[in-house]
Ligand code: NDP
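Read the single chain below, which is given as structure tokens and is the form predicted on its own.
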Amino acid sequence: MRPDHPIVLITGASSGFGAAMARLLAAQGCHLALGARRVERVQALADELVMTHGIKAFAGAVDTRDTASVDAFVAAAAAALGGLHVLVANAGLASGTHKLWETPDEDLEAMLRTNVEGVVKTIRAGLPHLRRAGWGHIFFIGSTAGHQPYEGGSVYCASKHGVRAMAHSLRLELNGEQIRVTSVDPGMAETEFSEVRLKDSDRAKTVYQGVNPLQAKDVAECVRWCLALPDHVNIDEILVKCLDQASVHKLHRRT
């Protein structure tokens, strides 16, 4: 049975989509387990949301690439909050815009280990707690890159195709259990994403010039809506783009 105040675990919660989800779900009365490598940021966010909304919140350091780190974070969060009901495997990144044959090991490993391995490790650690609760919802945060590849994004696109495949597979594997599975796949969104990818804040700003992109709160709203639907409804996949982006390769820029 769905709890009145679900306990939601979010990785990559220090900024962007993760922080926006935390704010929106806290306003709905959800209790939160917030994890990120930048632990001081998630601790400050947790403290703010506890004070503002009167919820319970746990904040901890987690590197989703590391099994021991993930297992320790999930176990500590479940112990502190009394269980878990919702997992949001949000931690992810793009690194560089290299052609496939130019991709350095550092970027290759960062994307595959975070975007693919990290998702597996998060869900593997969290799923037993959802089963124990008897009700749950798992969110994958994918990308339009998981639907349509583009030049300079071969490894990132491969990782997000992997996320989409895992979401579809898990949906099949959990069929018959009271655990919903949803993949939210955003297009262009103005967060720290481009700055992390390009490692150049000035260049990152040009990505959004002349465009009205998605904001982190728009993606958070997709998660909130899916979570709020009746228990017999499962939104398998949301592909969400700003109006100016018709596809990966078709973008309207205002002069």
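Note that the coordinates shown come from a computational prediction; the quantities given were computed from them, not determined experimentally. We number the residues from 1 along the sequence you see.
The discussion below concerns the form predicted together with the named molecule, not included here.
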**Message:** Test of understanding: in the predicted bound form, would Val196 fall inside 4.5 Å of the named molecule by heavy atoms?
**Reply:** yes
**Message:** Taking any heavy atom pair closer than or equal to 4.5 Å as contact, tell me whether Ile141 reaches the named molecule in the predicted bound form.
**Reply:** yes
**Prompt:** Any chance Arg37 has a heavy atom within 4.5 Å of the named molecule in the predicted bound form?
**Reply:** yes
**Asked** Is Ala91 close enough to the named molecule in the predicted bound form to count, meaning some heavy atom within 4.5 Å?
**Response** yes
**Complete:** Answer key: of Met188, Ala204, Ala46, Ile55, within 4.5 Å of the named molecule in the predicted bound form (heavy atoms) is Met188
**Item:** Segment that reaches the named molecule in the predicted bound form - one of 169-177, 101-109, 131-139, 156-164, heavy atoms within 4.5 Å
**Value:** 156-164
**in the predicted bound form, residues of 62-88 near the named molecule [heavy atom within 4.5 Å]** = Val62, Asp63, Thr64, Arg65
